[in-house]
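Below, in structure tokens: the form predicted alone, a single chain.
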């Protein structure tokens, strides 16, 4: 399966999905005008990956400094595709990174965790001064 790498812009995150290395990252700012269109290739990639993955576990890292409602919906769709693999006994870790003083981003991660009924790992960091 080919690696998916979408480079970030001022309004869209970097998406890096590599099945061979087991790397699944969404980083940056996610405020695209049309999140459904922006995330379409990542959603299709996740759907194909979830249908064919045969490993024991996977980790998804998400580190966003801002995201809009459309992005939340699109990321929830992608995560849902990955989380369906739990029915095959695959352990899935969602590592939600947030800047230590950014309670809004942490709250969004907590809300998504509740919606998906899947615990997230929350990792805080501090920007260098």
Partner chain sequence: MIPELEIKDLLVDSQTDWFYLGEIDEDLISSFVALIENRSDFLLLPRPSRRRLVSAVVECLQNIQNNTPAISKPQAGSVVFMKQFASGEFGVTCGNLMQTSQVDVLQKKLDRINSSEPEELRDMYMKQMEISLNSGSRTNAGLGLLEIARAINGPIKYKFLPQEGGLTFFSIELLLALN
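Positions refer to the first chain, counted from 1. Bear in mind that the values here come from a model prediction, so they are computed numbers and not experimental data.
Beyond the structure shown, there is the form predicted together with the partner chain, which is absent from this document and is the topic of what follows.
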Interface check vs the partner chain in the model of the complex: of 72, 58, 85, 63, the one with a heavy atom inside 4.5 Å is 72
Residue 97, heavy atom within 4.5 angstroms of the partner chain in the model of the complex: no
request  = Please run the contact check for residue 11 against the partner chain in the model of the complex: heavy atoms, 4.5 angstroms, yes or no?
outcome  = yes
Practice item. Consider residue 19 of the chain shown here, and say whether it contacts the partner chain in the model of the complex, taking contact as heavy atoms within 4.5 Å. Key: no
Does residue 29 reach the partner chain in the model of the complex, with heavy atoms at most 4.5 Å apart?
yes
Across 30-46, the residues having a non-hydrogen atom within 4.5 Å of the partner chain in the model of the complex turn out to be 31, 32, 33, 34, 36, 37
